[in-house]
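Before any questions on how it binds or moves, here is one chain, the form predicted on its own, in structure tokens.
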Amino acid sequence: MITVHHLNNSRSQRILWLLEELGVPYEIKRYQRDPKTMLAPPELRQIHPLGKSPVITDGEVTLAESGAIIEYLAERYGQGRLLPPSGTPERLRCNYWLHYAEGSAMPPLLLKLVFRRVETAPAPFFVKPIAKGIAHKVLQSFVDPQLKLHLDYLEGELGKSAWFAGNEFSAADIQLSFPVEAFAARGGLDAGRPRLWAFLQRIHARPAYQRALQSGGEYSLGD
């Protein structure tokens, strides 16, 4: 039995969604973030040394990192589903998006979260204006332009095919769901980018996505 070590409001939600799409049985072991630091609890380090989510166990296999988990599960249990055939342009695009989602899209979103918290964090009165000014400058001069760059890129790529890897829904769309949802929560994505906005509506309407929400519980990527 596959066990998903599931942290609330985290990337592990898309692993639940993948398993629901594949129709593969799984069990959930739940972990809650520290309400002050928003970090995962130390118990997760007993499963994987980095103590982050997602992590799965499947028999003797313990695997972390969303892209690696998605590729492993789709290859082992997909029976040809969710991964385009090897050697095709669609498979190359799928592999690309599995890496892009965390390697390129998520860093500026994380920076946005961190520097917005710096802006609002408690601090001595003589330090707060300086910290707030630095955070605002970094957001304005670097982070926000990077977010716009990625949003424009993703919007344009969805103009090439119905889904990110081609005309069929794939693991790439599941992997990209987390950054796209984060863009909607704090990165400036709205209906002004109609392809990405429609992508969100389409994935949220999928029955497997809804079942994953029921399994995983509360899911919010706001600040």
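Predicted model only: the values in this text are computed from it and were never measured. Position 1 is the first residue in the sequence shown; the rest follow in order.
Although it is not shown, the form predicted in complex with a small molecule is what the next lines describe.
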4.5 Å heavy atom contact, H48 to the small molecule in the model of the complex: no
Contact label in the model of the complex: K160 to the small molecule, heavy atom within 4.5 Å: no
Proximity of F164 to the small molecule in the model of the complex, heavy atoms at 4.5 Å: no
G187 within 4.5 Å of the small molecule in the model of the complex, heavy atoms: no
Option from 194 to 202, 38 to 46, 164 to 172, 22 to 30 whose residues, in the model of the complex, bring a heavy atom within 4.5 Å of the small molecule: 38 to 46
